[in-house]
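Starting off, we have a lone chain in the form predicted on its own, written out as structure tokens.
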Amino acid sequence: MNEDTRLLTDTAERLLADHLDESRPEDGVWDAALWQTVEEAGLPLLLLPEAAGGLGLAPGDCWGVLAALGKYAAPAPIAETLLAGRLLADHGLMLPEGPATVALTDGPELTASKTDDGWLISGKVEAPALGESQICVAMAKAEGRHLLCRIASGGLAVAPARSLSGDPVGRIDLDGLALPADAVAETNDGEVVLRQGAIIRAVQMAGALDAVLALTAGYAQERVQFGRPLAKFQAIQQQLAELAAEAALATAAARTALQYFDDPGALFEVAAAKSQAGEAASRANAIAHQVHGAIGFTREYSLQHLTRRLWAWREQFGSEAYWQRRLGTLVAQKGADGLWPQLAVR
């Protein structure tokens, strides 16, 4: 991490900590104040090229900020706006001002049909903070062609819902929605939204896992039982060591995947990162709540902000089961003699 990225990370952590320590909205409530704070700091524009009005950072340089969004369980679509801007810019489409979001799917794409002056889009879309965002980026398919679509959410009938974390999620049912030609771009990478979204979530989950580890280790040092801190008991020490190992594995896999952010051929790295993050979240959440006991489940204590988001994020942009199937297929295609070269070269 160079001096510039360290300064950027420190700024993001300070902004998030100051805001969320003072005020955290109730579940499902749009945190407009948090969005305004991070927007004024330029955080949603980090991945946007300079020519498009952003800061033009490489994905690897955004590790600290993305991990901080997970560490502080930020209840706003900051990561989604980062991703939406990069996706649109890479395909020659403009990003309007304000929050943006990205469709969550590992299933069927939207369908599209060409008209004289644009496209008609049909299908179902689910995305974080869809009702609060200006646009949603989603993939569509038209006669074997893959299309990246910029869907203006204003004026659409958005059905509000909540994810497992309590954060707002919106759903829309499109039936021949007309999009102008400058809101759609053809792409040769039909999985770009899924793949890059999975990387972003893996990094956020790594940040959240580090926070869960720090919170749990700190609590074990402070909580006294039978005259000794919990951390002095061998069983607790073993649990903390396992939690630390899970967090370290998720971080290593996510860091590797982030380096391949723009590589369509990096499905192996993406599958490993997202599936590892999901597995780590499952085990880490169990350990953290076992060590904390009842207090870990209370609304007044910060652990549940992290663990609930880890549960939600593990399902978004492909669950670990989905990516494990993809990983298994990739390994099987290489054959017995192909696995080690793939691991060693990458």
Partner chain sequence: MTLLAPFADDPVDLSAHGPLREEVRGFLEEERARRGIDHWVGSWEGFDRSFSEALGARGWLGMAIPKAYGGHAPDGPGGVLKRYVVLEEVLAAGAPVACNWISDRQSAPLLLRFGTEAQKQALLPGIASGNLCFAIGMSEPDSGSDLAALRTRATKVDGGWTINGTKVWTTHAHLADWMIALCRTSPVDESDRHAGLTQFLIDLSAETVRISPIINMAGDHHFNEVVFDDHFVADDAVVGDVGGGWHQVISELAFERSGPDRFLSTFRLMVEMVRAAGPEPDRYAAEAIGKLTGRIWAIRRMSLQVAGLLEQGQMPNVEAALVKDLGTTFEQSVPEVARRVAESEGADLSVLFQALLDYDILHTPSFSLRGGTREVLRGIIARGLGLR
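Numbering follows the first chain given and starts at 1. Computed from a prediction, not measured in an experiment: that's the story for all the values here.
Beyond the structure shown, there is the form predicted in complex with its partner chain, which is absent from this document and is the topic of what follows.
Under a 4.5 angstroms non-hydrogen atom cutoff, its partner chain in the predicted complex has Ala321 among its neighbouring residues. At least one heavy atom of Trp63 is located within 4.5 Å of its partner chain in the predicted complex. Proximity of Glu279 to its partner chain in the predicted complex: non-hydrogen atoms within 4.5 Å are present. Remark: Tyr260 counts among the residues lining its partner chain in the predicted complex, judged by a heavy atom distance of 4.5 Å or less.
Exactly one listed residue, out of Ile199, Val137, Ala272, Ala79, brings a non-hydrogen atom to within 4.5 Å of its partner chain in the predicted complex: Ala272. Scanning Ser165, Ser153, Thr251, Thr105 against its partner chain in the predicted complex with a 4.5 Å heavy atom cut-off leaves one residue, Thr251. Contact annotation: its partner chain lies within 4.5 Å of heavy atoms from the stretch 208-216 in the predicted complex, the single such stretch among 190-198, 208-216, 97-105, 145-153.
Using a 4.5 angstroms heavy atom cutoff to its partner chain in the predicted complex, none of Thr111, Asp173 and Ala181 count as contacting. Shown without its partner, the chain has Asp210, Leu213, Ala214, Ala217, Gln221, Ala231, Lys232, Gln237, Gln238 in segment 204-238 as residues with a non-hydrogen atom within 4.5 angstroms of its partner chain in the predicted complex.
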